[in-house]
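The chain below stands alone and is given in structure tokens; this is the form predicted alone.
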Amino acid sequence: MKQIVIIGNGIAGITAARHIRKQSDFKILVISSESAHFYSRTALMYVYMGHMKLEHTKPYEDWFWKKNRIDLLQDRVLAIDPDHKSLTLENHPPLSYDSLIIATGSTPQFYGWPGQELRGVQGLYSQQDLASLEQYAPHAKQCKRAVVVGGGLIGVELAEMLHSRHIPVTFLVRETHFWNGVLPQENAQLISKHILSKGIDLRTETSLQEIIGKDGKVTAVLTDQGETIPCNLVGVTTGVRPNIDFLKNSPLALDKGVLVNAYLETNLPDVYAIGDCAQQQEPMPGRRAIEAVWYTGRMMGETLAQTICGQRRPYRPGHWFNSAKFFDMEYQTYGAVPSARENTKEVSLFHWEHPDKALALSLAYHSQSEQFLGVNSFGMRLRHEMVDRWLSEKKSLSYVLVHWADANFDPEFYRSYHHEIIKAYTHKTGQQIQLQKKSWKRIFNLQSEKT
């Protein structure tokens, strides 16, 4: 019987295992060195914040795997021998495979700072990182101050986690505003202001230079501004990189990640890569070669399962989308919205921001054709199906604004700001837009199509 071996039990690997099982009777083995069972990595912050327990992060009961004939092995893969189709393990004898799926995810990116090996210096990615956080920052009495380095989503999550336990946080961001390498300037300014309003000591245009310690444990950081900041924990959230170090002496084609084609195939026969560790050789327009996002891992797992089970299918993720929270501010993005670093004359931006509340909207469109290209939404929920349809049908910005009510996904009695958005657009461009009343019939039909 065909043996499928999956290295990594994150969302990509487990989705592949589940969908292979639905379509075949193959033997399936999942190997992980991190945890015995699959868990929701994005829920780790809520465990630390006291909203749930670690066992609550497991979407499936422990009996699920045996019942569905998915074998689990907790061990570390040291090497791949593609000539003999075998794996060398740290604590078990070598084992063979017929098809191998590499789904090893990411690992926190450190940049060789002096002192980064000290106790109390860590990333936030794994269950082991959560345990380390509990050890070095259990409460404000033991952790007098924490320093978070790096202005990404993991950084703001860690700041919120520590803040929930009343631990003072200094947040070092090298850009002029938080996340302006991803967001337009107006959005980055909004988020920076929101983070500051939560009591976080946000230091922009400030980088880490050295981590200082005593007796093997962190005691302070030195910034490039010459300031020494005493602290008991340093959270390094300067991004992640594909977890592929164990593959560097193998014949696999590697770059930043494991190189794959549109079918998620590597240069080796019967060896595939999915999730954060996979790097597309020819990414689709508007998509990056490596996308360390939960939903892309899930989509890759579903796609590859089709190929493994005899229905060869390319990975086609469609339009980019993502969502996150900055403390209590919800963020959604669809399509392509240029960041503050990008300077293109072909793309224009329309911004609307509430004068008093943490609510904002940024719409990107082609400067000449007015084709709608993407949207960033803050504090307002959008309907994925509708925005995705507008992008696919290449609707104009005027059309999007006229039909904006159809994209609103806020609860029925939430305050609507459609009139204010249209008024701001009219004031900026001089174009008169007739605001359309919400068409429940169209939304009902849209939902009917989905089901």
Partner chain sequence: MKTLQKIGLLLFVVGLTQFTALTLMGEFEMKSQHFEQVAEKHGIRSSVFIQKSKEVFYRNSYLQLSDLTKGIENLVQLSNDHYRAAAREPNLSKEAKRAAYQKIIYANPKELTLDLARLSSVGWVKEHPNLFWWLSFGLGIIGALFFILPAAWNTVSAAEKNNKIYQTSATARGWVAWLVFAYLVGFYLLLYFAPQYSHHWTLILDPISEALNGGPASRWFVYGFMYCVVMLVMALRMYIKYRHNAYQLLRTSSVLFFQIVFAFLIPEIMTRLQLPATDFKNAFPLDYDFFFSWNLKNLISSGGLGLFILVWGIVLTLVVVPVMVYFFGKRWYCSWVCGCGGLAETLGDPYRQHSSKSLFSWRVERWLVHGVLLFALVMTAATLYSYFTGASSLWGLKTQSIQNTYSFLIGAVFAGVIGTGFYPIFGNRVWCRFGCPLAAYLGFVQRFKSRFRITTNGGQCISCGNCSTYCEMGIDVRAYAQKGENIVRSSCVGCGICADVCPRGVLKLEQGPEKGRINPTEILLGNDVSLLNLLNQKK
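Numbering follows the first chain given and starts at 1. Everything numeric in this text was worked out from a predicted model, so none of it was measured.
One more form of this protein, predicted together with its partner chain, exists but is not displayed; see below.
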- Tell me, out of Lys27, His56, His418, Lys66, which residue has a non-hydrogen atom within 4.5 angstroms of its partner chain in the predicted bound form. His56
- Query: Can you pick the one in His92, Lys217, Arg381, Lys144 that has a heavy atom within 4.5 Å of its partner chain in the predicted bound form?
  - Reply: Arg381
- Heavy atoms, 4.5 Å, its partner chain in the predicted bound form: which of 218-226, 262-270, 102-110, 306-314 makes the cut? Say which one. 306-314
- Message: If the criterion is a non-hydrogen atom within 4.5 angstroms, does every one of Trp179, Asp356 and Tyr365 touch its partner chain in the predicted bound form?
- Response: no
- Task: Classify Ser396 as contacting or not contacting its partner chain in the predicted bound form by the rule of any non-hydrogen atom within 4.5 angstroms, answering yes or no.
- Result: no
- Query: Given that the partner is absent here, does Leu72 sit within 4.5 Å of its partner chain in the predicted bound form, heavy atoms only?
  - Reply: no
- Would Ser40 count as touching its partner chain in the predicted bound form under a 4.5 Å heavy atom rule? yes
- State yes or no: in the predicted bound form, is some non-hydrogen atom of Lys22 no more than 4.5 angstroms from a non-hydrogen atom of its partner chain? yes
- Scan 293-314 and write down, in order along the chain, each residue with a heavy atom lying within 4.5 Å of its partner chain in the predicted bound form. Trp294, Tyr295, Arg298, Met299, Glu302, Thr303, Gln306, Arg313, Pro314
